[in-house]
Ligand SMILES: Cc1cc2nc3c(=O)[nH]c(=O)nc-3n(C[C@H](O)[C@H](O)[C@H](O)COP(=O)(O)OP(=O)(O)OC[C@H]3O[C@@H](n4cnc5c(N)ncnc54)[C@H](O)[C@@H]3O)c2cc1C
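The form predicted on its own is given below as one chain in structure tokens.
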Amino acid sequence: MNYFQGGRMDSEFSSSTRTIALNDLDGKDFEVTVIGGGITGAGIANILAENGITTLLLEKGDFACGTSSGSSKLVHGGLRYLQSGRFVEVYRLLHERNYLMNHTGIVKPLEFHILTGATMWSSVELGIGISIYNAMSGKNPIVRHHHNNGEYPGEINGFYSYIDGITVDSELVIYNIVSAYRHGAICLNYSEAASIEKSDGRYRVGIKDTLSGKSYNISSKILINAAGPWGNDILKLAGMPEEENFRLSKGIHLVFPFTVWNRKNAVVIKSPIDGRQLFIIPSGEVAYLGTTDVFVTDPEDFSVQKEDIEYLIDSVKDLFPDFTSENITATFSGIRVLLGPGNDPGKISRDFSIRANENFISVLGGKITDYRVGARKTAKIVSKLLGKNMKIKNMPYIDYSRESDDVDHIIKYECPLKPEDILRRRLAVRLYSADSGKSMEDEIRKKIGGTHEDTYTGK
């Protein structure tokens, strides 16, 4: 099989096909090379492959190993953005939320209760906001304020109910990656862009297989930087000017047994410490609490600090006293790219910044909800640079769905290389199971092999 042309709609995508692709990689020419295997890069590779563009995607770790497996898992319209008048952004996000809930199978509707009271939000202002939110999303704008009849502690006078989307963020990435692969893209995890040079109008990219240490060289007419928190590192590697006002903000989440929450709905509360909006979200056998918003400088800093845990616990303890540090089963964090000045990370834009410098395109910022918007905008630039007509409207779409959560299926069709690739990112049982996936460890290690073991550092 030629692994560089044509579709492979029912083909294996595994460690074996990765090895074959690497063995045939050196000296290959691509129209587009995408650096970064999070949701942004996955969406871009998917839309390009769907249009028959010869595409290579490189990810130095596993697919979705960064922010795209450490988000709040919400696919939402940004209700709070209405307060600052960002109506166009909310409308766009709601459109994307509705599409993903209706077309992917892995973005599900979830009921949220947003609380009102002296320490929460005004019922009048909130009612107006949710009415606008519902109207913009195509739903009945009429909302009813529910009085607190014992559902919540006494100082809460009531709540409004609304619907937003929830997903397993890493699975959404994997589904896009597999879709891109099935349309002909080469998608390589554990493959780092180690060097970038421009010569004769093309980019020469040196690639390091981070598992074997072997090196390969390819050329590409267009290079796309979708490296998220590592975006400025890629710009520097390519000899490009770094993005000004490039900031990183870390958000942590605490995972608890579902019995601590024991409700089907999620809840939105205001932290009494600083007024920050927080969520408690049920998912599977657990419920998780988040998130913080703290500037960091290191894109590799996914650590969860004691003071961050204390902040979240202290923010909810008066309302929900069972959320204690002793009940935490796991923690996770993600790092957001913020592009703009200011000392408050909550007020800095999280919208996409897409900049083209000749045939080098940087796609930074953005949210999981509107990854398709970023992919379409990028595809339009690629279309012009290549002089090729491309289908862009309503794309990219996902044409892969997991037949089952059977480990053998995942190993054969989703290219995991290490046990944690399955435990943390394909099945996400590290987060969503009551035992943090410990009961599956032996089976997965036995099936995937111990050559590329890594250790879970979860809680």
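Note that the structure is a prediction, hence the values are computed from the model and not measured. Quick note: we count residues from 1 along the sequence shown, nothing fancier.
Form predicted together with this ligand: not shown, discussed below.
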| query | finding |
| --- | --- |
| Residue stretch of 115-123, 221-229, 267-275, 152-160 approaching this ligand in the predicted bound form, non-hydrogen atom distance within 4.5 Å | 221-229 |
| This ligand contact at E197 in the predicted bound form, heavy atom, 4.5 Å | no |
| L74, heavy atom within 4.5 angstroms of this ligand in the predicted bound form | yes |
| Contact test in the predicted bound form: T55 vs this ligand, heavy atoms, 4.5 Å | no |
| Heavy atom of T33 within 4.5 Å of this ligand in the predicted bound form | no |
| Partner-contacting position among G129, P282, G251, P345 - heavy atom within 4.5 Å of this ligand in the predicted bound form | G251 |
| Contacting member of C65, A428, M390, I398, with respect to this ligand in the predicted bound form [4.5 Å, heavy atom] | C65 |
| Contact check for I39, E59 and R336 against this ligand in the predicted bound form, heavy atom at 4.5 Å | yes |
| In the predicted bound form, residues of 363-395 near this ligand [heavy atom within 4.5 Å] | G365, G366, K367, I368, T369 |
